[in-house]
Every structure is written in C-alpha cells, then in structure tokens.
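Given next, in structure tokens, is a single chain: the form predicted alone.
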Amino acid sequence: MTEPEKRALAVRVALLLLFGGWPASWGQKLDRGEEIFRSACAACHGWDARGQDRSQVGFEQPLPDFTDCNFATREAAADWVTVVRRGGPARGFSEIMPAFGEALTREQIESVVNYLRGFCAEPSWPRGELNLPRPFFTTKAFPEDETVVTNAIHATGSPALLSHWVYEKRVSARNQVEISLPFRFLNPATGRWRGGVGDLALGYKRVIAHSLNTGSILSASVEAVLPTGDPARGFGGGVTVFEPFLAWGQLFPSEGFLQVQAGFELPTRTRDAPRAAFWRAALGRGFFQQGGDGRYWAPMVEFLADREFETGARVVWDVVPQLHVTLSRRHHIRANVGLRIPANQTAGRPVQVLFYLLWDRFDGGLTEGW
C-alpha cells in the first residue's frame, strides 16, 4: 500500500471510529445540517464544500465541488442520502466515501444533504427531483445529457423494426439541444426486407419555470424535422416540419408524477403533409427497493392523441402501458418496456412492442457504476 493510500485509509478509519466511539447522546446534539457537515464531512469535503486538496487528504481521486450547480443540482436528494447512509459503492462510486448509516439517523442525514445542496447559490438550476422518469413519447421538461435508443417491433400487421436514436446535450442551467435520427426496417407484402434512414430532427428546449416547493417544471421546445429520408420507400415524410410544444412535469405525494406535452406539427408545404395538433400525457409512480437505496421502478401509462387540421378529421388515440427500471447502481443506465396499443382508428395501425435503453452520460461511462 502506498503512502497516499495509507493516509486515505487512516482518514476513513478515523471518521468511522469517531462516530462509532462517541456516546449515543452525541448524535442527538447534532440536529443541524451545518453542525453535522462541519463535524463529519468538512475534513474531506472542505469548510467551503469545494473539496480538500488531494495532497491533504491523500486521495488520488478529486473530491466533488458542491458549489458547482451543474453538479450539485443534477440528482434527487434521495440519491445523496443513499450515498451518505451506505457509502460510495452503494451508487457505484468510490469506496473512499464511507457509510454513516450506523452513526447518523436518517433525519440527520437528510439534514446534512439539504445543507450541502444549499452551496449552489444559483436558483436558475432545476433540482434533480424534477427529473422525472422518461416515457416513450411524452417529452420531459427537465434538460438532460442523455443518449436513448428506442426500438419498436410490429406485433400485428406487416413485420417492421423501427429504431430511434436520440442525443441530448444540456448547455446551461435551463437549455438543452437535441438531435434524433430514426432507422426503419420494413417487410411489406413483397416479403423482402428493406432498411433506411428516416427524417433527421433537431431540437431546442428551454425551462420556463420550475419550483421544488410545488414539484413543478415547465419547458418550451421546438423541433425541426428535416426530410432526410426517402418517402418513396416509406422512410420519410418528404417535407420539413416544425414542431413547437410545451412540456410540463408535476410531482405528487408518495412518488407519483404526471408529465404532459402539447404542441403542433407545422409542415412547410401543407399539400404534402397536413397541419396537426398533438397532446400526450404520462401518469406513473416510482418505487425504490431496499428502503430507498436499491433499484428504482416506475410503472407508467401514456395517452397519445393527434388530430389533423382537416375537415372531418378525428382525434387518433393510443394507449402505452410501460415499465421503467434502473439497471446500474448509479441509476444512469435505464430501460423501459411497453406496448403501443391503438385505441381507435385501428385500420392500418399495428400494435407495437417497445423497448429503450437510456444512458445518462453526465453520471458516468457505460461501464461505470455497476
């Protein structure tokens, strides 16, 4: 063991002995987050929460800067509580972070977590609690750094595999840019498979308002769908379409949530594609295993509606039951599985089996956090 590793181990052991050796009445005296932080955390994380210099603590890995709002606001408080209670490995982070679950009560841990989150002094950053589980079709209001690959397989009608790749990049507290590209593999009545690229979409999102107190977040977005696919082969619409929309997320008690999206499809040439309005909603509830420390599950149901601006047109409805689940301990790799079921106007609209894999790139690489 190298000398820096010995010093790092000594710090961890000292912290654990410090908490384990003091009488139970000591824990009752530390009832404020600031007191707990200064007594238990500042030795490594620094009095200003920027992290002690590595030469002082002996860690090769740099410590996080809790004053950096881009870092400090990303995750929900529940994830931070898990790391404090069970240590860094509980969420796939370094074992340098010890577990304090036996030394501090849950209330004390929540208190110090709330204190830590106060080091971000910029209120424009939405809190991670408002980053709700991603449905298949209803756009989230929260800006993210996600890569998502969604696949749909026709369960009825002509065989087909539809794949949709999305890359999202958060560029500031409230803004996000996005690029998405569909791929289609079709087997029409001729019995011969054919594949191709669909219409490329470029998007921009901005958070208009957010409040952790009310559990609400509202964003405005616009997408430009470009005719990069071949409409003659069934891979594109053949016309540029602009899609402005609003996205709203709402937290409810007991881990319930609602997400709503509403907007318009505005083609540049209406003779090639009709204008339309669409609205989508996803209602669900989240569940944690192991008392909040384990895997996260979120059953949801989406309702999709679309109506063209043509005389006699009817609203087309779909229902999408689904189950969202975290795969990695860090919760940055997730999956979702579900069905898209036409509720009316069923002629020519197949039932689809849906599946996606999601990677939150900000939280680590594909091979990290397992």
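In this text, residue numbers run from 1 along the sequence as written. All values derive from a computational prediction rather than experimental measurement.
Keep in mind that the form predicted in complex with heme C is missing from the display, and what follows is about it.
- For residue 297, no non-hydrogen atom is located within 4.5 Å of heme C in the model of the complex, even though that partner is not displayed.
- Interface membership of residue 235, defined by any non-hydrogen atom within 4.5 Å of heme C in the model of the complex, is ruled out.
- Looking at residue 142, you'd find every heavy atom of it more than 4.5 angstroms from heme C in the model of the complex.
- Taking the partner from elsewhere, residue 339 is found to have every heavy atom lying beyond 4.5 Å of heme C in the model of the complex.
- Scanning 325, 305, 69, 63 against heme C in the model of the complex with a 4.5 Å heavy atom cut-off leaves one residue, 63.
- Listed residues 276, 218, 96, 262 were compared with heme C in the model of the complex; 96 is the one with a heavy atom within 4.5 Å.
- Here the chain stands by itself, but in the model of the complex one stretch of 331-339, 314-322, 297-305, 33-41, 33-41, has heavy atoms within 4.5 Å of heme C.
- The candidate spot formed by 185, 199 and 225 is out of contact with heme C in the model of the complex: none of the three has a heavy atom within 4.5 Å.
- For the partner-free chain shown, 97, 98, 100, 104, 112, 116 of 97-127 come within 4.5 angstroms of heme C in the model of the complex, judged by any non-hydrogen atom.
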